[in-house]
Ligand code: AMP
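One chain comes next, on its own, written out as structure tokens in the form predicted alone.
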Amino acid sequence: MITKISKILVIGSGGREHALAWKFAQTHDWDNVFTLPGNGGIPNSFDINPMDFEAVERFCKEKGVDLIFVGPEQPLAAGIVDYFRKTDIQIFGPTQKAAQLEASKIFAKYFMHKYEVSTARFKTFQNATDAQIYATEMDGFCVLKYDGLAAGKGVFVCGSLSELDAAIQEIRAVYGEKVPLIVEQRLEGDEISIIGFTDGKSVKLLQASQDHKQLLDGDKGPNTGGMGAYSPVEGIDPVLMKKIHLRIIKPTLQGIHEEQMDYKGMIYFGIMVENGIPYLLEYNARFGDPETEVLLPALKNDLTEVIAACLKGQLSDIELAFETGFFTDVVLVSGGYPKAYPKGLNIHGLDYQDTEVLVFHAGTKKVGEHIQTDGGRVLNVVAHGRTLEESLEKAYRMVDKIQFEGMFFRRDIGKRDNKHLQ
């Protein structure tokens, strides 16, 4: 039974969760929005392990929480939705079975193949040596994917045998020799994020966004959890969206129905467009990060009303509405990220006020009166403008006000030509 939603708990600790809590607080005020474990910039954060479902349940009963919104993938993969389905506390997210679409890349690829979702050719392996032998036959021009959750860092895009060797060495160092892997055809095009709400029967899409996964300008360097994003994406027209619907979204919904998945949550389609043809790279079973930080400020709807419609199986009755213009997110990261980085560095400039810019905290903690770094991705600086260029100018203007030792960021967010979208 769906009950009235007045108090909300957001599960997670990153910029995505700060953006979610901020969006809920617009209609429920901060006193009725809680975050576990949160971070140094999210009001009403409580240091409780979200993987301890019994502790989360006790917290919900103590605070009178009506709805849990699960931000990150780990609790979904561990079955948090299944656990709370047995309680009287409502929860938004796919069950453990449905979350396999993200938790196992091998499961997802076989699902795509079974339901004829447009995707790259692939082959699966159970050890690094066999995967390397097969990828060598492709002259190293391929994509290697670790099967499980890897915080956005389990994908290796290779363009040569030397890059393949380096990727295999890193895979062995992190996961060992016996490791489930996918070797995939490498596509060359423009990557976009298509994210929507689903009740398992229909999908309502947010505006298209584009993540910047590589560490360095020009899309160079290692993959990260995301160095920035913007939305909407220029060049995406109704013809391309129709192809995405017919080749990717429609067969996915068919598969969710036929596999009898209990899926009431967010669904993320990571798509590569090569010469106007969309291919699904991956599913995520939740909001993307940093995409959330630009998508939620653009959404005009009351987020709670959309979620309630999903939980009732009545999402088709909802129409999403969006602000005009563009939103940009520049992510500020710690020196050394995505590898080892220091923590506990004081952050300066957060007291600078700019009503046209939002700052969502990710890897921060509050120590006394100071906000300090506590993660790789530290802050998300988000700005709105009538044009993409205006939103970028506002975001980078705020970035220049913020300082912490070793702070690093990309200077080319939103600068791709996206020539493959046409």
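A quick note: this is a predicted structure, and the numbers were derived from the prediction, not measured. Numbers for residues come from their place in the sequence shown, where the first is 1.
Here the subject shifts to the form predicted together with this ligand, a form of this protein not shown in this document.
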note = Heavy atom within 4.5 Å of this ligand in the predicted bound form, from candidates Thr129, Gln314, Gln185, Thr124, belongs to Gln185
query = So which of Val233, Leu296, Ala167, Ala120 gets a non-hydrogen atom within 4.5 Å of this ligand in the predicted bound form?
reply = Ala120
inquiry  = Can you tell me if Lys204 lies within 4.5 angstroms of this ligand in the predicted bound form, counting non-hydrogen atoms only?
reply    = no
key: Met272, heavy atom within 4.5 angstroms of this ligand in the predicted bound form   = yes
request  = Report whether the minimum heavy atom distance between Glu191 and this ligand in the predicted bound form is within 4.5 Å.
outcome  = yes
request  = With heavy atoms only and a cut-off of 4.5 Å, decide whether Val155 touches this ligand in the predicted bound form.
outcome  = yes
remark   = TL;DR on 242-250, 298-306, 279-287, 91-99: the one with heavy atoms within 4.5 Å of this ligand in the predicted bound form is 279-287
task = Could you run down 126-148 and flag each residue that has a heavy atom within 4.5 Å of this ligand in the predicted bound form?
result = Val143, Lys145
